[in-house]
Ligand SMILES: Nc1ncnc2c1ncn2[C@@H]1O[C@H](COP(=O)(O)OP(=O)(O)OP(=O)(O)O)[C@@H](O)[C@H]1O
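Quick heads-up: it's one chain on its own, the form predicted alone, in structure tokens.
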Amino acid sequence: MSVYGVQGEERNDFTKKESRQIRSRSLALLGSLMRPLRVRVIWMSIVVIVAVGAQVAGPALIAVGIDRGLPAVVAGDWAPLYVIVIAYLVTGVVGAVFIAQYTVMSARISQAILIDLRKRVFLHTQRLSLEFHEKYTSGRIISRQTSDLDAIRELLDSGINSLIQGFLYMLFIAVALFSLDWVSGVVLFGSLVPLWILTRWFQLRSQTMFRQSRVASARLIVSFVETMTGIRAVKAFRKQKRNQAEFGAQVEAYRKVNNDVIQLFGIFDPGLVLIGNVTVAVVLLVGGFRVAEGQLEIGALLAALLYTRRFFDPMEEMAMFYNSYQSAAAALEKISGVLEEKPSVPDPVDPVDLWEAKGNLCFKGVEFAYAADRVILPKFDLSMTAGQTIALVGSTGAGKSTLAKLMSRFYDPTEGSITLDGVDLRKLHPKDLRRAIVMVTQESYLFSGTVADNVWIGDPEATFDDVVRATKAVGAHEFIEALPHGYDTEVNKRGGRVSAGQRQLISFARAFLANPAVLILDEATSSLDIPSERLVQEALQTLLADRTAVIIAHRLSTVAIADRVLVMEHGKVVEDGTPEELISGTGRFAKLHAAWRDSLV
């Protein structure tokens, strides 16, 4: 055998093993969702068994009525027929009541499962580290919470009902038919051979297509979400035609795969009808000869025909279940994959409490790499004293923002440790960490709600007066008061009602209300105009006097308030000193400052 053949077999074995692991993972998730509902499921099973049994009893009672009740009527005795009619009505009522109860119970169980799953996905994606969200597009996450959960909902709401009722219905009919007339039962059993062949053919052809349909659907959602999210860039760079072509190709791919699925059903459904009709015809033919020979009564033949006809009724619904099942199985695999993701920055097993942080940050032998072959921060040591205002300066890609993410523990160092007041950030209680270190980014994201609500995020227990004091401290109070409803003004989606600079000031107020021991400003003044920046700088000098502040900025005007400047290049600190010392020197910062001063002239 060639090397390529061996590699192909190894790859196939790996793929099979991978598929088994994915199925096992999905089943484990489904089991964990069903476990709290065991009692309800048991009761539901009893109810559906009684309901289906009552439904299946009808044709047998009809056979008894014809073969026993009618002769008794001819003889002048109406009692047997009355008993049979009453029994038929009772079974009908029992079947209807229990089916209604089963429908309600199954709906409640499916909704309980969906609520649990929605909460799990939402809470777990929140717990996952920043690394996951930077790699996993927002469109894919939205797809997990929308189309994938809808596929599971469809399966739970209708698909499983069809499967359970259909399977029990066919099983009970087969048992009743064999009990009534074993010859007709054998004929029905013979029809299972072509039925199995047709079903197996359908399964093999459709499995790949259903998965392709889910993938195509997810791509459509991702493309739509990303286009709408970046609509400003789309319009600014006139990307509409390219988007139209790309989205049109995705829509066409989705249409094509759904068309192939429909064609499969176009063969499968008529095939079921044909097999059912042929089986009924054979039962009628064989039964007719036996009635003529006196081996079978008329009522029994009629019941056998009814049972045979009804045996195939659930098949089409069960085929639709397979459609729902394939979509839901693929969706469950994707959701279980998200839930299996582990935070790259896990919470400590035995957290250390730090109720009152001072703000001493220390880097010891820290090295960081996003990938093994891509070291961003080579090993270095750095100490930041509590109360210092430190400016990080350097060219794009020097590692400033990465350093800020490490200080905020959005990432953990590959090697070494970062400590706050002597406590390793990896051991610090998450609540204490988030209370002690706050980071304000360039994005300045605002949530739906009022201006006051967005400031209150910094400290939900603060009073309204505290909120106002925080906005006044950063120079945001005046423009907030000028809004249509002041602090009660809705900021709309992502803060669309206020300007970029105003959003930044609101995020500043939020951070100051949090009152952290360490405040990190990552390009946080880039959206501010000169007057607003001067107001913020004046506020910073007062508000950052008793806390550690790390300011990352390209605007060297912001550096003026710093006690210490760190110049970074290629992940290393190449200069360290006060602004005055570095400006008077001949190093990198002096050149940057001279260039900035010349640009002002």
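Note that residue numbering follows the sequence shown and begins at 1. This is a predicted model, so every value here is computed, not measured.
Absent from the display: the form predicted in complex with the named molecule. The rest refers to it.
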Q) Okay, which stretch from 76-84, 121-129, 402-410, 260-268 lines the named molecule in the model of the complex, with non-hydrogen atoms inside 4.5 Å? A) 402-410
**Q.** the named molecule contact at Glu134 in the model of the complex, heavy atom, 4.5 Å
**A.** yes
Q: State yes or no: in the model of the complex, is some non-hydrogen atom of Thr396 no more than 4.5 angstroms from a non-hydrogen atom of the named molecule?
A: yes
(Q) Whether Arg374 contacts the named molecule in the model of the complex should be assessed with a 4.5 Å heavy atom distance threshold; does it? (A) yes
Q) Is Trp201 close enough to the named molecule in the model of the complex to count, meaning some heavy atom within 4.5 Å? A) no
Q: Tell me, out of Lys572, Arg40, Arg564, His554, which residue has a non-hydrogen atom within 4.5 angstroms of the named molecule in the model of the complex.
A: His554
(Q) Only one of Phe178, Phe172, Tyr370, Phe247 gets a heavy atom within 4.5 Å of the named molecule in the model of the complex. Which one? (A) Tyr370
